[in-house]
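Okay, so here's just one chain, in structure tokens, the form predicted alone.
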Amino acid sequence: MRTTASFIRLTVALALLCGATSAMKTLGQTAESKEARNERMRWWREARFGMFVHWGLYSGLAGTWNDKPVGTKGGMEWIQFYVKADTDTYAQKAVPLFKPAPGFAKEWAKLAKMAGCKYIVLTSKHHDGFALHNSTVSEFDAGSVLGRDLLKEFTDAARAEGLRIGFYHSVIDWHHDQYEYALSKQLCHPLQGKPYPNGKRDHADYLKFLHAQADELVSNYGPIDILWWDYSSQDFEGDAAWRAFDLMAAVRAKQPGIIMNNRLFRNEAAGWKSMGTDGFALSIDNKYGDFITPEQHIPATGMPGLDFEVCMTLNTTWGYSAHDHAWKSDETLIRNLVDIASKGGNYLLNIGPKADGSVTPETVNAFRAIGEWMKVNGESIYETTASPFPYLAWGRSTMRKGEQGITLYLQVFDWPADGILKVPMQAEIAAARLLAAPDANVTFETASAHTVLRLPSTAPDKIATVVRLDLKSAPEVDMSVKPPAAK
């Protein structure tokens, strides 16, 4: 009788497990109404600007291995892969260097707020497998190693500044002893091509771990707004690699309003056409994710009708490197923000803090410059939609539709020497002014298919001066104005 009872209990448990899995799959793939999706995505679409933070054990190594620079450019969060170190050797060198100072997250949050960011996404775990939270399913995490839950410190600090919160979580894991890296020829691993050090592995066991850690992220820190998965390959993705639909469904069950990217997959329907960082497609089936993630590339013509977020570095590395000094100029960073917003996308700009959580003076200066521009011109970025123009030779444009009518913003990069700005549209303009110089005289008239604005002879802002036009009706855009053909 004991054997029979045990068998019955086992049968019932398996049935419940299978039913739960089936229900989660159904939840993950159930079509969401357009209205519900728009409401869920609304804050993210209005935000336009966020901060990315790559921080972990690699930050203490700072791009250096055995007292030598690993490189002067490129992502040093991948240093373990570059030097082909096994996880024990890597941890032995990196763990003693990772010493987060008290209050590190408060400084990040203040910096993000000062720059005008509306959300902040932190690496909860990168490819090296070291998690920043207090994980009950791991001993390679901040709770076990440092006696601290760094994600709790981060979420508390971000919320105190009114920022939305996201976690970047790597589905790749160079530490876990059951992660079967040989199943993919495209996903990098420090021991790629070598036998598993511990013999045969069971990837299903790793997936239990992956799902358990993801559950901790969405269960222990209050409302989480974004889960930024990273990443899949064409030969290893989706359900086969990560039980992706179960994973997404389980996350949504705990956080119904959460927004997730498309990197649990690497197929064309999910918004991918190749393995390159510029290998994004111009379409996505949203069952695979809420937004497309161009990396270090701004789509030339945008992605009409799609949600996308361009993630970029301040120099060339995501994780901190003491050897990378290729910092982008203030002009480049601000114009990137404008360009991305003009195409209807979000800009996720990365910082790579040092091991103690502090950031470089170059990082502070860059975010301060963006913040100063946003204080004056932020209304031309937040809550706007893509430019109605196919091309503007002198700059970019965004638009806002509201109860008071239509507002068109012209971000002028190349100020006309004669003060005459030609806009390829016909429109009834109620008012025109410069955001950086509200009292400056701006006049307008319609000439043929163009509207002519007469501006001051000197640009108030040499990086991007914004002209605000309040329109009585939608502009009639001259769609024949195209960018010059590439040479």
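Remember, it's a predicted structure, so these values are computed and weren't measured experimentally. Note that residue numbering follows the sequence shown and begins at 1.
What follows is about the form predicted together with alpha-D-glucopyranose, which we do not show.
**Student:** Looking in the model of the complex, any heavy atom of Trp44 within 4.5 Å of alpha-D-glucopyranose?
**Tutor:** Outside the cut-off, so no.
**Student:** Spell out, yes or no, whether the shortest heavy atom distance between Asp128 and alpha-D-glucopyranose in the model of the complex is within 4.5 Å.
**Tutor:** Residue-level check for Asp128: no, no contact with alpha-D-glucopyranose.
**Student:** Although alpha-D-glucopyranose is absent from this view, report whether Asp215 comes within 4.5 Å of it in the model of the complex, heavy atoms only.
**Tutor:** Asp215 lies outside the contact set for alpha-D-glucopyranose.
**Student:** Considering only heavy atoms, tell me if Asp230 and alpha-D-glucopyranose come within 4.5 Å of each other in the model of the complex.
**Tutor:** Yes, Asp230 is a contact residue.
**Student:** Honest question, do Tyr119, Ile259 and Asp290 all end up within 4.5 Å of alpha-D-glucopyranose in the model of the complex by heavy atom distance?
**Tutor:** No: none of Tyr119, Ile259 and Asp290 comes within 4.5 Å of alpha-D-glucopyranose in the model of the complex.
**Student:** Can you work out which of Val412, Leu392, Cys311, Ala85 has a heavy atom no more than 4.5 Å from alpha-D-glucopyranose in the model of the complex?
**Tutor:** Contact check passes for Cys311.
**Student:** Which listed residue (Tyr168, Tyr90, Phe245, Phe236) meets the criterion of a heavy atom within 4.5 Å of alpha-D-glucopyranose in the model of the complex?
**Tutor:** None of the others qualify; the residue that does is Tyr168.
**Student:** Would you point out which of 433 to 441, 46 to 54, 453 to 461, 417 to 425 contains residues with a non-hydrogen atom within 4.5 Å of alpha-D-glucopyranose in the model of the complex?
**Tutor:** Answer to the contact question: 46 to 54.
**Student:** Using a 4.5 Å cut-off on heavy atoms, what residues in 74 to 111 are near alpha-D-glucopyranose in the model of the complex?
**Tutor:** If the 4.5 Å heavy-atom criterion is applied to alpha-D-glucopyranose in the model of the complex, 74 to 111 yields Glu77, Trp78.
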